[in-house]
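One chain comes next, on its own, written out as structure tokens in the form predicted alone.
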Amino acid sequence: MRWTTISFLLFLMACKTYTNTSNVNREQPMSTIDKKIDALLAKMTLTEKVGQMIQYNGFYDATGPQPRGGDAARKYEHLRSGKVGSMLNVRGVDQVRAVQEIAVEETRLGIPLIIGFDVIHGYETQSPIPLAEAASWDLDAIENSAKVAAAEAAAAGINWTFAPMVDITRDARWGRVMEGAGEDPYYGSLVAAARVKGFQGDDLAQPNTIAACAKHFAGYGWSESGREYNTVDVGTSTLYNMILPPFKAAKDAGVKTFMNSFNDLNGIPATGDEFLLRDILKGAWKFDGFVVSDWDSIGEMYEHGYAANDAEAAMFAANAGCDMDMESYTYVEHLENLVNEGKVNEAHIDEAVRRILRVKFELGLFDDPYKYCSKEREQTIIGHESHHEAVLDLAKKSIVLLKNERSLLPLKDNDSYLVIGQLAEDKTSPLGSWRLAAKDNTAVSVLEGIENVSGKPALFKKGVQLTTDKATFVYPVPINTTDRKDFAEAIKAAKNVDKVVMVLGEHGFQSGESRSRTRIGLPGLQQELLEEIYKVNKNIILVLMNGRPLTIDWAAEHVPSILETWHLGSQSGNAIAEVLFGKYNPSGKLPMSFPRHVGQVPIYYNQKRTGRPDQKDGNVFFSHYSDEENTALYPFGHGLSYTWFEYRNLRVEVLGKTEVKVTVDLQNMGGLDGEEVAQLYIRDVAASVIRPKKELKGFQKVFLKAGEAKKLEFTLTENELGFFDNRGNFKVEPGEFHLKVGGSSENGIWSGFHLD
């Protein structure tokens, strides 16, 4: 077999071999891997080097007959001749093994493929969408979610995910806000690191870990107007202090790959930006993994008006430091000629190949190219019961109680209630967007969850109660713009129950990539339905199911109880029902502000003060709208509980030039056990570069029994007290600081301190 020969050659070249793939990272220092890479690189032709820089989408049934004719046949020949280094969207042990066998057994050097897939918030077992996960403010649970996703993906033959997305996002019109951690760079950095650690674990060579990918580098979340693939125009202060920190955190957490973004930054497409890739990422940050383009982002430099043709696009990308081409064909068609013509230095090619090979060695693919191809693991790990337990735990923690007047929630045993809304019985939308490996119709619906938790029948025919006990009616009332045929019957039924649970929002594909919206209210006739039901029964519990912040100003004014449940994944209905019935006390907090009106967006809590921030002497000449407040409807960090918490005795002690100790007492003042996310914000009052009026710099999620009190302690260091200037230099400046600790970005108790 060819693999045996190549393994022996590598053994001779490196003078060391390892049979225990689980210990590759510990037993094989990087210098040894480098020796193996150098030895292999010395044997490679330029064609084979360029081949390692090519990633193809899955193009045929790998376990069936080989493709004949057309593009698929061409790709197949490239695979057989060593001109492919990676494939994406090939999944399942049988399929992965088939393409891996071609790379290993039929090519001259037998270099294994790295297999990529969009494992965004789960493989088959789906966790909440990433924005919902961030609402948990539970970094351990978020890390475990990525760990579960990695275990299932690895069992299906995959060893590389195109996640996490670490773009900071302020504009809810952009559909991909569902894929990130929200609007704050401090919190987003912690979530980025947690997800990287979850995917990659402590040892990348373990068979249940996969390589992670920090995307999209950089600025994608700042797309103008929230319109997908749009241009980005930001200043250096925003770039260094808001956009880049989560990427740096991912790098520091050991992420193995980065992905280019589609947008331009200051007039240069990110895929061809030497400043981003060579100066910052590979230079200042010393990133030693590899960079992959986003889908055809190299070729799209022509559409940007930056490259005159595909060959020039390939030249710009390779010279800038894009190591692997995802599906643009520009590298495979032009890169070798560009090197021969002297337009791309072969040293750039060698560098890119070294980076790609290093990740393959670290994954253990050279020790065992079929390590991810175990049928037994595929059959036993995917969908494991423990995975569903994990995603249920995170789903409950991700629910945010936005409002709860008159303690309408939780539902009481003697309540009669009506459930309205197509989403209540939907078993696919809760899986959310980016659920490529999940099977449709497999999520637990809200109605199923109600039945599971309450023990009462919840799945009946519309308008027919099948029990003498007080239980659930359901009126689907579909999301649409024309059909009101079920309104009358639902309105009639709503008159005769104590409470109405309305499950409204977006279906699973109304957010996500290329799902930008100019109107971010309730789609279709749902707002009209909500108002009609309110006319006959004001005891409404609004359960929102969505992938982005929505404009729900009418509901916030009129509806007494509102739950933000996002798209919670496979265990969605059970999680929602546990909160509805008080089996779980909601503890989530918003990672992204909800606007009062779409005209406010982008809206975010960490805004800068302007020269005219407030009204003075009754004049109108200050920064405001004439028809709406400046503030968010529900701000960053907001989230209620069935109990309530009190903060007191805030103390601040300056211990040195760059160290501040903060203590505060937190007490559960209600009659129920619960969790609170205590948040610490600071403001640097006067700085050489204007700082935001408040910035999150610490938080703790604390469980308190009814009546229990705890003293919380925070420590601020130079990492929290400093900022980047407009040249990217980090500094801590002396002066006055304001400090606040509380339950959201808007509420809390204030103090201050001075740094000398």
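From 1 onward, residues are counted along the sequence shown. Note that this is a predicted model, so its numbers are computed, not measured.
There is another form of this protein, the form predicted together with 1-deoxynojirimycin, and it is not shown here; the text below is about that form.
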property: Segment that reaches 1-deoxynojirimycin in the predicted bound form - one of 615-623, 308-316, 422-430, 290-298, heavy atoms within 4.5 Å; result: 290-298
property: Exercise: L281 in contact with 1-deoxynojirimycin in the predicted bound form, heavy atom 4.5 Å; result: no
property: Close approach of Q66 to 1-deoxynojirimycin in the predicted bound form, 4.5 Å, heavy atom; result: no
property: Any non-hydrogen atom of R176 within 4.5 angstroms of 1-deoxynojirimycin in the predicted bound form; result: yes
property: 1-deoxynojirimycin contact in the predicted bound form: H334, any heavy atom under 4.5 Å; result: no
property: Sole residue of D368, D138, D118, E448 within 4.5 Å of 1-deoxynojirimycin in the predicted bound form, by heavy atom; result: D118
property: 1-deoxynojirimycin: the contacting residue among R435, K215, K589, K396 in the predicted bound form [heavy atom, 4.5 Å]; result: K215
property: Triple contact flag Y417, F487 and I533 to 1-deoxynojirimycin in the predicted bound form, non-hydrogen atom at 4.5 angstroms; result: no
property: Sequence-ordered residues of 313-332 touching 1-deoxynojirimycin in the predicted bound form, heavy atom within 4.5 Å; result: M326
